[in-house]
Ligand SMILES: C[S@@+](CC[C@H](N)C(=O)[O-])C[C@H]1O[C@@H](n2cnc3c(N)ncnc32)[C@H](O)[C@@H]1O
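Only one chain is given next, in structure tokens, and it is the form predicted on its own.
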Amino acid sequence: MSGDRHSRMVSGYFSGIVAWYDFLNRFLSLGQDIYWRKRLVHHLRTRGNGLVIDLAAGTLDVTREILDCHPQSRVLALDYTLPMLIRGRGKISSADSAFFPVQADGRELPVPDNCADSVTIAFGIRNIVPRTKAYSEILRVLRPGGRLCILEFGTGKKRILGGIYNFYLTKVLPLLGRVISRDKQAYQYLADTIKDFPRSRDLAMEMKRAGFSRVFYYPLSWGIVYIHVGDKDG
């Protein structure tokens, strides 16, 4: 499947579950997604009113966390699925002039070279095909010394909690997502892409091959998710 066709397919899935997206994030993660996003934002590198790009911003949970933790920063929230950005808009104060939501493709970022202090992407790198284009664009827009921070599910190939999580991922999550959101494809897609996602060390090698330096990563919640961080040489 081509990257463009894949992007349209994924956007259709997310548009179909937008009304349930936040509730299901909390419910299916047992509220852990709030903590995961806080850990992601902890690794940001930004100066004063520097620009942070929140890629695959969805309903703006990471954007809100960035603004809470770095109130002087400007945040450009980009997502391919416009209904997600619209849904999340109410989470950000209307008085906050440092926030800019824009529909955009992660493979073609609508910003100039060397403009961003940091780029975040939470649960989105898995949905971009090919990932190499996203890495190239992120490196282009980061200033020298800038930082990429990724929050993503670990691979479903690794047994977690004695296989309990793997059973939850393959059997329970798609069923619950379908029953609650009445969308039988979106959460099956989620489970399938987690199962097929690279191991954490392989994702780190991808980042290094793309040109990021000082790459490190670590697990959260027994390896259900990982944070990966990489810098652009300055």
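Numbering starts at 1 and follows the sequence shown. Owing to the predicted nature of the structure, the values given are computational and were not obtained by experimental measurement.
Unshown form predicted together with the ligand; subsequent notes refer to it.
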Heavy atom within 4.5 Å of the ligand in the model of the complex: which of G124, P101, G154, G88 fits that? Just give me the one.
-> G124
Only one of 102-110, 68-76, 141-149, 158-166 has residues with a heavy atom within 4.5 Å of the ligand in the model of the complex, and that stretch is 102-110
Among N25, V62 and T81, does every residue place a heavy atom within 4.5 Å of the ligand in the model of the complex?
-> yes
Contact label in the model of the complex: G177 to the ligand, heavy atom within 4.5 Å = no
4.5 angstroms heavy atom contact with the ligand in the model of the complex for V225 = no
Partner proximity in the model of the complex: V52 to the ligand, non-hydrogen atom cutoff 4.5 Å = no
Looking at the partner-bound form in the model of the complex, is Y21 within 4.5 Å of the ligand by any heavy atom?
-> yes
